[in-house]
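Okay, so here's just one chain, in structure tokens, the form predicted on its own.
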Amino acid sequence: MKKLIVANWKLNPTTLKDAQKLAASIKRTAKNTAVLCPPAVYLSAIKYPNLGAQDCFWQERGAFTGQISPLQLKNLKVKYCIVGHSERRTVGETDGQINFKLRTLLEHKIIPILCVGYGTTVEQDDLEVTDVLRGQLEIDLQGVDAAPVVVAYEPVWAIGTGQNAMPEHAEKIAIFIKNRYNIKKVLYGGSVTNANAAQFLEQRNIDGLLVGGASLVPLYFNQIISI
């Protein structure tokens, strides 16, 4: 079965030309399903079978300066949208706001990729981690049909640090999320590279990866989506 590999480009690259060159370098057909999530300013100019946004607002229209609505994303043929990333939570995004975003994305048939794992530490055991995730997911998924939602487990201490979680730990967390919240797909993210991706993808309950830095290097990302 194909895995879902999501490329989060974050605030990269700095020019449209480089963004288009990067997208053109990623395989259109591979063993797994690839989703590219470029900065919003590039979404209309990038051609790729599966496009994702890095965030959205929960209102369709109105006086919301600087925001991006799900209707605008839909018009650009965006299929996926990341919500709740730790870098958004760090600047004050709340679980209540994430819940609003999930609701409106699902209403407009855009698949949310819900990130959880903010507030975890490398010292915590599996039980302590699930306590943190429960506090997030109970609010994030309140009143939401969770079945279409993709959850990405991203322990915050692993993001951009070069220190990834153990695959066996990520597998246990994926099982917890699926069993408790009726989630069908769970991804792992956090210092994913072409060298360690296979260790996560071979886990039975990990359905894909959310890739940061390695998604900016076509050689590495093409290797990951072809595993």
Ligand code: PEP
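For every residue, the number given is its place in the sequence shown, counted from 1. This structure is a prediction, so every number in the text was calculated from the model and none was measured.
The form predicted together with this ligand is left out here; the points below concern that form.
Although the partner is absent here, Gly213 lies within 4.5 Å of this ligand in the model of the complex, judged by heavy atoms.
Using a 4.5 angstroms limit between non-hydrogen atoms, Val192 touches this ligand in the model of the complex. Residue contact with this ligand in the model of the complex: Gly160 places a heavy atom within 4.5 Å of it. Using a 4.5 angstroms limit between non-hydrogen atoms, Asp140 is distant from this ligand in the model of the complex. Proximity to this ligand in the model of the complex, taken as heavy atoms within 4.5 Å, picks out 150-158 from the listed stretches 129-137, 150-158, 106-114, 88-96.
For the stretch 1-22, the set of residues having any non-hydrogen atom within 4.5 angstroms of this ligand in the model of the complex comprises Asn8, Lys10, in sequence order.
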